[in-house]
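Okay, here we've got a single chain as structure tokens, the form predicted alone, with questions on binding and movement later.
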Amino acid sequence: MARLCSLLLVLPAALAAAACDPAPGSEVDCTPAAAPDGIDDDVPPVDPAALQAWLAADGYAGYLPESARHPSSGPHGAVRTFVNARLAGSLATCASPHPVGSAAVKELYDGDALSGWAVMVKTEAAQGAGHWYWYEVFDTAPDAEAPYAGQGLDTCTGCHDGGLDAVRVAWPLR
């Protein structure tokens, strides 16, 4: 029997900010896939100014991407997620906790235009959303200031605590 892990927690967008309970049937079989070779394992900086410059310079260009934009199952609107090799390898085996240096970048869209990013970087070896650095910005300028940035940020941890060591993206990426 395939091992199941809770990687995708589907929520109606209207309820995402208010409740972060998994939807019935939201488990995904993640054992058949392996992390693809040739993807970047670069770890984003966790300083807000350096991270914004890294994002604006497309520092995550070598990460494994989802195939297309889609509506977020949470409060992020239209999104496209990218994961580094460390996180891809961990997701492929349903590992928890994910290794330090695991990272995901979520592009945020307003219509067809990239309007910002949400980022998570694993900074501590323990399990749970409090052991990640969180960042969300609604501006693509290299010098933009993020309204949300910090270790174990309450704005992010409430919903992400429901994922596999805080990760809520489906594996394999779609």
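Just so it is clear, the structure is predicted and the values come from calculations on it, not from any experiment. Just count from 1 along the sequence shown to find any residue number.
Quick note: we don't show the form predicted together with ligand HEC, though the next part is all about it.
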query	finding
is_contact(residue 106, ligand HEC) in the predicted complex, heavy atom dist at most 4.5 Å	yes
Close approach of residue 73 to ligand HEC in the predicted complex, 4.5 Å, heavy atom	yes
Heavy atom of residue 118 within 4.5 Å of ligand HEC in the predicted complex	yes
Partner proximity in the predicted complex: residue 134 to ligand HEC, non-hydrogen atom cutoff 4.5 Å	yes
Non-hydrogen atom within 4.5 angstroms of ligand HEC in the predicted complex for each of 55, 63 and 123	no
Residues within 4.5 Å of ligand HEC in the predicted complex, restricted to 138 to 174 and counted by heavy atom	148, 155, 156, 159, 160, 166, 167, 168, 169
